[in-house]
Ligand code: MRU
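The chain that follows stands alone, in the form predicted alone, written as structure tokens.
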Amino acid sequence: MQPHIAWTPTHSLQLLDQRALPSQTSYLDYRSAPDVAQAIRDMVVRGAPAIGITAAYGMALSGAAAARSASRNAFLKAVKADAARLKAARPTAVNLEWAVDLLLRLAVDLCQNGAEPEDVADAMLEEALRIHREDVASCQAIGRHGLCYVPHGASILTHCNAGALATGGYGTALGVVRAAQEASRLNMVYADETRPFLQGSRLTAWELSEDGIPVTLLCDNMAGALMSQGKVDLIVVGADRIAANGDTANKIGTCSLAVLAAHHQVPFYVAAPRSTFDPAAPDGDAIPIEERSQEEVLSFAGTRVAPVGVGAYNPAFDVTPHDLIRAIITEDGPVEPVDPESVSRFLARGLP
């Protein structure tokens, strides 16, 4: 699969337009941070790690544009304004805030140490490229660590898209799937269609079929029936933000899936990189939940499917309580059991 996020030789950001999949494969070029923020808001790119990488490139574009300023103060003022735009694009995915803050701190520190704006802009681009490279390596490590939870001949159920398209490449939840396929342990992937934006049917099913991985599509409300028939060995999903107690925000419908898994005694795993943890959020109640346009529910492919005058509730995410999660699979190994103490120990391992 061609890279879906790429920095071009002409110093623009190229994104695969995920809104057009699976019927059309088209790429869009972006040359300014405000345009990148709009691309994130409009879901040209989606998935927490991919949003973070895209935002990092957005900051690099901001630095390149601001380097034309006459002073360091003007440079920083412009970069800070773009950072605010990018962070406001989608509030739930913590990777976006993490990447923007990382690039902003770099710019501030270098300017305070006397670096010229052009040199700061170059350093910002190098940092964005590093974030992208490390995300791919991180996903591959998540896949390796997740393999121990996958029995031979496994059928895995997943929700939304936590694959290469949602990351820098390889995937988090689908990183575990890919590792299982490479180890000849995989029988089938069941992909929830993921209403109302259909990331499962448009993206996960497309991505897996493109890579020759066996996949069967489900309507979201079929998952319980499949589990009751004993056809699911484990569930692996991604995450957009993980609170300090292990509560996890992911695409709407994930919590329902976890409840069904608990009832049917199917192990439920979350696969996510360290950058998805938010120690400033004590629990799931502190995670901001994005609400999207009612039209995503009221219409389908431009055709209204609900009576005129009827409204719709359309949160993009829900929160899965930590006690429904068997383990959180990270690039540094699993967090298991999932509780405030184990999350605290895991986060402390990353401190200098």
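Just so we're clear, the structure is a prediction, and the values are computed from it rather than from any experiment. Residue positions are given as counts along the sequence shown, with the first one as 1.
Form predicted together with the named molecule: not shown, discussed below.
For the named molecule in the predicted bound form, the listed stretch (144 to 152, 249 to 257, 182 to 190, 209 to 217) containing residues with heavy atoms inside 4.5 Å is 249 to 257.
Of the heavy atoms in H322, none are within 4.5 Å of the named molecule in the predicted bound form. Within this chain, I242 is remote from the site of the named molecule in the predicted bound form, having no heavy atom within 4.5 Å. The named molecule in the predicted bound form comes within 4.5 Å of a heavy atom belonging to A162. In the predicted bound form, the named molecule sits within 4.5 Å of a heavy atom belonging to F317.
Residue A166 is the only one of I156, A166, A261, A107 with a heavy atom lying within 4.5 Å of the named molecule in the predicted bound form.
Site annotation in the predicted bound form: the residue of A60, A66, A37, A48 reaching within 4.5 Å of the named molecule with a heavy atom is A48.
Contacts between stretch 88 to 106 and the named molecule, counted in the predicted bound form as any heavy atom lying within 4.5 Å, involve R90 alone.
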